[in-house]
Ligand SMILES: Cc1cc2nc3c(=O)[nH]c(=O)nc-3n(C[C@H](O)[C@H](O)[C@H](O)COP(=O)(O)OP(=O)(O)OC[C@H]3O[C@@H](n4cnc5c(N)ncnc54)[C@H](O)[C@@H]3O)c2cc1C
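As structure tokens, one chain now follows by itself in the form predicted alone.
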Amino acid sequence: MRAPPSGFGPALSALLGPRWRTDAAALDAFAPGAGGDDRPAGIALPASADEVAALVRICRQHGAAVVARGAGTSSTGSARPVGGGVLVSFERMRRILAIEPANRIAVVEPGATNAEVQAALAPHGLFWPPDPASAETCTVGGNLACNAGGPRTVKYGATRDNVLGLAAVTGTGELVRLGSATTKDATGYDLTRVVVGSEGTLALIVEATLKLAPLPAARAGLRAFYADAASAAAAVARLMAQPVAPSMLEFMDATSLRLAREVGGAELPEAGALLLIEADGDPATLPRALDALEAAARGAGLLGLERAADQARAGRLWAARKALSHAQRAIAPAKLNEDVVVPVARIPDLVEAIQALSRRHAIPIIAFGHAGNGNLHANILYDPADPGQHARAHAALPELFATVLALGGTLSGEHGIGLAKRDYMRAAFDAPTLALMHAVKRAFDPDGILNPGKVLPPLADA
């Protein structure tokens, strides 16, 4: 959809004043690299839910696309302004409206960063569980849009599991309120969970009621080194089959370990794979929980197992793990960063398949991630200036997705679908299911102006 060249601009200028930006500096800052049909007509910076509703009504009247933008950390193109239109930034809507410790909820606007929310909650002894690697910069709205996760997801759940209610503006410019402030609600359809993870294609979230958790009184960690990735993957299945739930369970393959050591500065020996295991809870019971996790981690291929000597050392290792996405540039300038998920018991099969895929296409594929959820980041590395590498990397991608789906898995655990994986949705869902998703889209956004072209493949070809 291409926005008309005139009409909505003056109306948005009247509504927002200087917060309707069409200058080159703003366009470059909020939509870097966008050109041609992907260059937005302007940037809207609303300061209230009423302004968001009004601007959507204006855009609907003129047939202009509306693309919501958080901090721009999406890796799937979900905030790319395909077809021009209006890019909506929520940086002026970042207030923490309420914190209610007794109810364990916080009410926040979408532009607040994950880190800002955590800092506000900490004095109350609370935290919001989603903790993506970009937590310092990513926004709550962005977390909600793609159902963000992070290492703590294995125990506390992803974003969708930690949101009780929303206020959102639909594609007709109507403000709707979904969910409630209670942890139990059997009233009507659960539209909150429908909107969370919809990547701005159904509604623009303007307020969220977050479900909070108490900060754990104590934390303790294990590092388990294995001779090969298959042994570590088998240990993941054992760890998740026993009763004690780890608060974090991260997998790193041999190349990830080397990058963490050489680029991230982590103190790590050479090994075929590493599991980072953490438990949290009451200081009196935590040692027993750690004993259970340690027992499950032991098995064939184990090279060494140690408890974290101190929190500072553990913190450096977690920092190195979170820096892996950027550290991969030491190997190749580009990557296809996929966050595939399989049932936890199939993790060994997924790791084996990724290694075979790497050998078959003669391309590096680094695997690490949230193994406790069956969620691995398979990073296909290549040099886009090398035609052979480019071709092999892009040939490996559909094979990766086909393998994941054959293992009973799904295309994305936390990054979302956006534009990058949209066409693979046809392999993940049958035609009737995709048709139902399109019907939901039309109910929220009858004119198709909200983030057009994302998530769902065109119905005619589905």
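Don't overthink the numbering: it's just position in the shown sequence, from 1. This is a predicted model, so every value here is computed, not measured.
As for the form predicted together with the ligand, it is not shown, yet the points below apply to it.
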**Asked** Does every residue of Ala230, Glu294 and Ile347 put a non-hydrogen atom within 4.5 angstroms of the ligand in the model of the complex?
**Response** no
**Fill in**
Exactly one of Gly84, Pro132, Gly221, Gly369 comes within 4.5 Å of the ligand in the model of the complex through a heavy atom, and that residue is Pro132
**Item:** One residue of Ile277, Leu239, Ala203, Leu274 in contact with the ligand, assessed in the model of the complex (non-hydrogen atom, 4.5 angstroms)
**Value:** Ala203
**Message:** Given a 4.5 Å cut-off on heavy atoms, tell me which of 180-188, 203-211, 359-367, 97-105 is the interface stretch with the ligand in the model of the complex.
**Reply:** 203-211
**Message:** Just checking whether Ile380 would be counted as a contact of the ligand in the model of the complex - the rule being heavy atoms within 4.5 angstroms.
**Reply:** no
**Request:** Look up in the model of the complex whether Glu199 has a non-hydrogen atom within 4.5 angstroms of the ligand, and give yes or no.
**Result:** yes
**Asked** Using 4.5 Å between non-hydrogen atoms, is His415 touching the ligand in the model of the complex?
**Response** yes
**Asked** Is Cys138 close enough to the ligand in the model of the complex to count, meaning some heavy atom within 4.5 Å?
**Response** yes
**Request:** Let me know which residues along 69-90 have a heavy atom within 4.5 Å of the ligand in the model of the complex, or say none if there are none.
**Result:** Arg69, Gly70, Ala71, Gly72, Thr73, Ser74, Ser78, Ala79, Phe90
